[in-house]
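The chain below stands alone and is given in structure tokens; this is the form predicted on its own.
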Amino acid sequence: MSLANRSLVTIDDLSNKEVEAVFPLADQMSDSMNRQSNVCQGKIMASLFFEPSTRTRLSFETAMHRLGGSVISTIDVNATSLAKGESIADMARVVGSYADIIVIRHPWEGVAKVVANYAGVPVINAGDGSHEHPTQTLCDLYTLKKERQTIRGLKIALCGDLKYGRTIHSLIYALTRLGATTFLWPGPGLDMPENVKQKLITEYGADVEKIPADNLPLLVGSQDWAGDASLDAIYITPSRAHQLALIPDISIPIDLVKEYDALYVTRLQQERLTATAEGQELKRDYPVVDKKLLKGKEFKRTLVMHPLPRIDELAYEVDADPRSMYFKQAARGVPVRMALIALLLGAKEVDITEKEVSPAQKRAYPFYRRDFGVSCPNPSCVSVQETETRYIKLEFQIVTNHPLTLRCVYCEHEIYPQYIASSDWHQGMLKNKKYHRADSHWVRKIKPENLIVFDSESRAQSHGFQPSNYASQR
């Protein structure tokens, strides 16, 4: 099966079978690294990194050179025409005419999708703000597969900055899809974003089990962990959710306590924080993984993983421990990215006997496309940036009507509009242009193609709509 001319913007752009088919090819690349120099000969990769990077940028560029291709690159937005006000779309069109494949990292969430829409060549997301980092997830899954031979049934604890850590967001989607059970250990104030949680539940059928504080010692087998951590949820795989739903809370820790297969640690994403004082406060109580923690019986065989770079959350004393995997993760980035580049350029194919559509292809949500009424609430979303609003049309998926939930197609943040109206008013007369509360029965009666949403009454009235009898009722 060919993945030629596909882009990888989110981990959901690959099906489960496609994800797992990357790994045997990465093995081949790793075993014969010096014999791959003709695979992508004559091809050019554009490496566009508008945020700092060591491992991701250099591993991508190394991968392309190992495959026999060439690299053109830029690592400073101020050295490009973006600094002059050029749009992302125009940049994508131009770079797409120079290169055969584009790898991009950018602080705005959704930029990789915009580039993929306009470039005309395969695009790989190397990290877009706090949104996703799908190739890091491929490296993480590859490490789990190499060390544990399977992903299904593994128990993975995710520790640290779960709010802004883009590696965490891509990883938890993939782990849930592939049948792992994940435990959340966020730093204070750094819990998993609500839109990520809702996507896990609504799209992958994951079940969330809240763990009472007095059950934490049972869950982790260690009073020390319970005292230091803020573990507040378990994401259980779809294959086990309904079985566990009938079991009392006390049975959940007993069932899952025995041992963690991996502890995935992330640093505090200081660059995403708006205030220095906030960063210092979060840093003070941030969880730390060290020798003392790893002495617990529940960590006897636990792999310690980290996407790097680390700051203070992972002690250097762990480096010599055979359970530490983070430098292996970094090294494996080259063969994994070699495999991915070769696949997207059509130089290699994956062996998949049974075709499976990706989660992104499966989604059948109706779309909401209007340039008024609401906007994405995420200030880091590409769709709200001044240079991009000239051409980007607001676009949301209508995820559910109860409550009415719209998901931005660029950054995947969700909004819950307060008021709704229909474009199908009688004879277009102003007196028939009524708006209603979003939780009224009208939300079920208005067809998606006629739906108009507003985030306030004043916004509805500014567009000529008047309140109906259902504008104030709940």
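Residue numbers here begin at 1 and follow the sequence given. None of the values given here were measured: they were computed from a predicted structure.
The discussion below concerns the form predicted in complex with a small molecule, not included here.
Proximity of Leu308 to the small molecule in the predicted complex: non-hydrogen atoms within 4.5 Å are present. In the predicted complex, the small molecule sits within 4.5 Å of a heavy atom belonging to Gln269. Among residues of the shown chain, Ser170 is not one whose heavy atoms approach the small molecule to within 4.5 Å in the predicted complex. For Gln136, a non-hydrogen atom is located within 4.5 Å of the small molecule in the predicted complex, even though that partner is not displayed. Taking Lys113, Arg105, Lys348, Arg177 one by one, only a single residue has any non-hydrogen atom within 4.5 Å of the small molecule in the predicted complex, and it is Arg105. Only one of His65, Lys43, Arg55, Lys434 comes within 4.5 Å of the small molecule in the predicted complex through a heavy atom, and that residue is Arg55. Look at 91-99, 261-269, 377-385, 316-324: in the predicted complex, residues with non-hydrogen atoms within 4.5 angstroms of the small molecule sit in 261-269.
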